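Take a look at this single chain, the form predicted on its own, given in structure tokens.
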Amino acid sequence: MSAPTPRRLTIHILRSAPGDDATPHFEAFRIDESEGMTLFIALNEIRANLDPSLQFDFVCRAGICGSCGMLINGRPGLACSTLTHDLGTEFTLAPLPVFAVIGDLSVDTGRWMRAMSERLETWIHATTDADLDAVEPRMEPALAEAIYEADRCIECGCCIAACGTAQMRPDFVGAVGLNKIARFRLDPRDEREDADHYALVGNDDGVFGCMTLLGCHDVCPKGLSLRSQIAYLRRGMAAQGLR
């Protein structure tokens, strides 16, 4: 029995490069689909065989690093975990909005994420120097699980790209920032008071700027309950009469 004829894919990719006089434009590439092909594999095949100048990012190939975020038929997602089999024979790829474009599908999420983390001080705050040889106090499994769940964020930028508020308000910290504040508010090792956490996001650039369209919740590649994190912060602030 002969093998089935592979599908012929037509991939329209938005090409652009800052500083280049050329107007951003879509360019079509045609390749044969292989079994189990992901967008990551397809893009590497294009770069290896059709156009070595194509720019896109990748590191882990396993949905962990978040480097390969892009718009797939207008929806944010990861190239390494998207099967071409789940798409039509013709589809479009474009860089994530909000972030600065490096070239083609490559965007600078790192600068945005670092600025957000520095602004929200997303690290453990302690008033005393830690004893590196000491054993940490025992943490209840349920609490450890809740902290771990929030820590699964890979900072891929998909939630920011899907956020209507982030598109209109450059200083909005987005679901990724709100998730981090909720995570550190849970952590007993962080000695900041609730009011200190809330002061960082209790404004229109934080949790009250969110229009609750919940595009972030819908597109998160790790399936984080971002909707619950936003509601968690709002309830906490309401309970303390902060809004």
Partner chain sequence: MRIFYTDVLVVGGGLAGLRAAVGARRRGHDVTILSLVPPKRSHSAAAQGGMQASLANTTKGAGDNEDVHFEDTVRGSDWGCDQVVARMFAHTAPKAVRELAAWGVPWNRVTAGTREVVMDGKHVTLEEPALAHGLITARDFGGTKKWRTCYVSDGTGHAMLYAVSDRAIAEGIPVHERKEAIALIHDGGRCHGAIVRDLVSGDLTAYLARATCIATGGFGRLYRSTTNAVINEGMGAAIALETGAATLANMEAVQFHPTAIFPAGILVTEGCRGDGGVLRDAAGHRFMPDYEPEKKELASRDVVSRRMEQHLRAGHGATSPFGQHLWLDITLLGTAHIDGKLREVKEICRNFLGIDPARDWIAVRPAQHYSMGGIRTDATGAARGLVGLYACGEAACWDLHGFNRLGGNSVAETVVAGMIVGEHIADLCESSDGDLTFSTALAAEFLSREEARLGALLHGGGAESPVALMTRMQTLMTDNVGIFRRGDLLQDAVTELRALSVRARNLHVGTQRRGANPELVTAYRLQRMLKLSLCVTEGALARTESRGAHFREDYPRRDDATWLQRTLATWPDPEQATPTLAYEPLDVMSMELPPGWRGYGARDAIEHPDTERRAREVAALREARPAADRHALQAALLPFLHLLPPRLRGPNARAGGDA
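Worth saying up front: this structure is predicted, and the values here are computed from it rather than measured. Positions refer to the first chain, counted from 1.
Same protein, other form: the form predicted together with its partner chain, not shown, and the subject of what follows.
**Q** Using heavy atoms and a 4.5 Å limit, would one call T109 a contact residue for its partner chain in the predicted complex?
**A** Contact with its partner chain, yes.
**Q** Using 4.5 Å between non-hydrogen atoms, is P52 touching its partner chain in the predicted complex?
**A** Although its partner chain is absent here, P52 would touch it in the predicted complex, with heavy atoms inside 4.5 Å.
**Q** Even though its partner chain is not shown here, does A17 get within 4.5 Å of it in the predicted complex, heavy atoms only?
**A** It does: once its partner chain is placed as it appears in the predicted complex, A17 has a heavy atom within 4.5 Å of it.
**Q** My question is simply whether R183 lines the interface with its partner chain in the predicted complex - judged by any non-hydrogen atom within 4.5 Å.
**A** Contact check for R183: yes, within 4.5 Å of its partner chain in the predicted complex.
**Q** Within 4.5 Å of its partner chain in the predicted complex, do M168, D205 and Q229 each have at least one heavy atom?
**A** Not a single listed residue reaches its partner chain in the predicted complex, so no.
**Q** Name the stretch, out of 211-219, 38-46, 195-203, 25-33, where some heavy atom lies within 4.5 Å of its partner chain in the predicted complex.
**A** It is the stretch 38-46.
**Q** Only one of V98, L71, I102, L87 gets a heavy atom within 4.5 Å of its partner chain in the predicted complex. Which one?
**A** Spelling it out, the residue with a heavy atom inside the cut-off is I102.
**Q** Going by its partner chain in the predicted complex, which residues of 146-172 come within 4.5 Å of it through any heavy atom?
**A** The stretch touches the partner through I147, Y148, E149, D151, R152, C153, I154, E155, C156.
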